[in-house]
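As structure tokens, one chain now follows by itself in the form predicted alone.
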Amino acid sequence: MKTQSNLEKVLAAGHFAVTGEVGPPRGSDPEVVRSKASHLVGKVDAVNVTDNQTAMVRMSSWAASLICKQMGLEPNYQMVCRDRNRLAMQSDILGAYALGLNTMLCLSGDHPRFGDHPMAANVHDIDSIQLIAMVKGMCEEGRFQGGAEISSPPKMFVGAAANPFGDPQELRVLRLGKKVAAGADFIQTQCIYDMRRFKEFMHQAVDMGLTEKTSLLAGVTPLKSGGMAKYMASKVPGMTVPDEIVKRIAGAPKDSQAQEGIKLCVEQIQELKEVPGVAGIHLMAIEWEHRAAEILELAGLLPRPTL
């Protein structure tokens, strides 16, 4: 009998949830995963384990997820539609659940042109919304997408991603609605710097009743420097970073820009706690996992509940 997802239990109990993130390495050394994960043990309710993020070849999500699980973390096993057809996806889901993984995130995946294999085929046999529906069908109906019965169905807590900042904004909420209708149990958003636009997005989501059907976790990423703030503002697709934030981080003395970024992140978390419909945060401390505990402590989110 597999255990219930820890993230599911935290959200069901009404706690403000916290998820973190670990990016697998571009190599086979498990110690790289263990080093990152060690900073998050006991600090998050689940940890996302990315799947060839930025279309760069990395250790597989399921393998890095198992390493995290061995350390006492609950992995949020990611799967992108870019690299596999539906046969491989369903096979991997069965295998992941057999090995004790019970929380997963369904994503489209970054286009190969952004990574180190720009000529790689884009599989996209199904899209992220269809992937959510396929996983829910496997879990709740006990059937493969082709209709055949599954002898021992998996029981996954299924998540999806949302970007509140694309234009036109009303379509972003409608796309969120499609993912909720497909069966997404929880949603994690793109990292948020533009609070005004995010609050508009959340107002629409609440009005549509979406936050009554799913749990939405707001994404936050601490800015390490003025250079990072400028890069996020100008080079990352689908990202909105207001000028005042770039000026605040870049305008701080160089030796205190990192601390200013942490201060801003904590302020953002405190503000997000008060936004109607937000059920938690997804902290993406990219290659800065060792600062996650400090951020969560200052934001009043430690210790985490044990259920």
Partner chain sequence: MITAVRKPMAEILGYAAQFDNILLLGCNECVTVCYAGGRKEVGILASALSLAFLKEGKKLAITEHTLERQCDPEFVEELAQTIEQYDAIFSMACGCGVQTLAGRYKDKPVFPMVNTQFMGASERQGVWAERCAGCGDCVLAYTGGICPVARCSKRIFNGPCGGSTKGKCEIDPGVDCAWQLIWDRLKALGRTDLYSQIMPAKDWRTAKDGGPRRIVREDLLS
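Residue numbers count along the first chain shown, from 1. It should be emphasised that the depicted structure is a prediction, and the values quoted were computed from it without experimental measurement.
Another form, the form predicted in complex with the partner chain, is not on view; read the next lines as being about it.
- The closest non-hydrogen atom of Gly166 lies within 4.5 Å of the partner chain in the predicted bound form.
- In the predicted bound form, Leu171 approaches the partner chain with a heavy atom inside 4.5 Å.
- Though the partner is left out of this view, Ile126 does reach within 4.5 Å of the partner chain in the predicted bound form, counting heavy atoms only.
- For Ala181, a non-hydrogen atom is located within 4.5 Å of the partner chain in the predicted bound form, even though that partner is not displayed.
- Taken together, the three residues Trp62, Gly100 and His290 lack any non-hydrogen atom within 4.5 angstroms of the partner chain in the predicted bound form.
- Distance criterion of 4.5 Å from any heavy atom to the partner chain in the predicted bound form singles out Arg86 from the list His203, Lys155, Lys213, Arg86.
- With the partner omitted here, the residue from Gly27, Pro276, Gly251, Gly238 that has a non-hydrogen atom within 4.5 angstroms of the partner chain in the predicted bound form is Gly238.
- Heavy atoms within 4.5 Å of the partner chain in the predicted bound form map, among the stretches 87 to 95, 109 to 117, 135 to 143, 215 to 223, onto 109 to 117 alone.
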